[in-house]
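Heads up, the chain below is alone and in the form predicted alone; it's given as structure tokens.
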Amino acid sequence: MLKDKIKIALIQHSFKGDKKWTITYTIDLIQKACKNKVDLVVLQELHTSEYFCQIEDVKYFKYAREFEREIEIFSKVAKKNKVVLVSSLFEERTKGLYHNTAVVFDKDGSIAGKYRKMHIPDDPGFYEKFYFTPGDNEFSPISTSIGKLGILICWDQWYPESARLMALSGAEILIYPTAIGFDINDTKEEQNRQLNAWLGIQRGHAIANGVYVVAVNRVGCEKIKDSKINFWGNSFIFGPQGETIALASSNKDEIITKELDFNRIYEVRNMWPFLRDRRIEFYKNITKRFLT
């Protein structure tokens, strides 16, 4: 269980044109957030670089070779600022084997745990299967000095199974580093449907599990060759009844800081005991691909 109250900071920003400047900028934002005596800072998906998965190009595998160096950088940042830090990095596990990996640092700079993205998309503009091997970790929370954090990544957002398993394993907050945006050729109506679906599915995870749900998404328009994505921001914090605690803009770099009271989970789960009433003896088929 997390301590009764924590202060969390979400850092939403655009890519700054190159990795070095983007990392420097991100560290500056972390330091600014920590002036508010936060316990937990969450960064967006693949926050050290552009979202290179818009195209398939082997040259981007070189980014993964910087994994250990970036771990050293953000370990020092966590230790200096005495904060639990959720990062999202491109990992080279060995030559030719790569993951989209969230590394969680504790307040002393030690690695509390890693989560390798489990659900990997392959859509126009999001060619992640070319770069990332699916994670082989369980959907288990990472234990830190402030409690258990249910770390998931972006495409995992659409799967109620992963959210449920994290909650059943004791996570009281689900955290999703994210990189998602609009195809600029979509109509305004379609863009609104996509954004509302994205917000809606995650609000549902909060309600169904009686937990806090956090997502940190990038902003800005990124173009690589003929592909262009307008990242839609809207980083958020939802409470255990799906209430909106914080919602960022669609186009600005922002630091969102809020205090979360985990006594709310007791209140909500006692009022709506969804976990108590689960008919687990009838759920065996959930592990099948399809039933007809």
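No experiment lies behind these values; they were computed from the predicted model shown. Start at 1 with the first residue shown and count on from there.
Only in words, not in the display: the form predicted together with another copy of the chain, which the text now covers.
- Screening P121, G109, G147, G113 for any heavy atom within 4.5 Å of another copy of the chain in the predicted complex leaves a single hit, P121.
- For the chain shown alone, R278 is a contact residue for another copy of the chain in the predicted complex, at least one non-hydrogen atom being within 4.5 angstroms.
- Within this chain, S75 is remote from the site of another copy of the chain in the predicted complex, having no heavy atom within 4.5 Å.
- Interface membership of E243, defined by any non-hydrogen atom within 4.5 Å of another copy of the chain in the predicted complex, is confirmed.
- Shown alone here, W21 lies farther than 4.5 Å from another copy of the chain in the predicted complex, counting heavy atoms only.
- The candidate stretches are 100-108, 84-92, 214-222, 113-121, and the one lying within 4.5 Å of another copy of the chain in the predicted complex by heavy atoms is 113-121.
- Counting a residue when any of its non-hydrogen atoms is within 4.5 Å of another copy of the chain in the predicted complex, there are no hits in 89-105.
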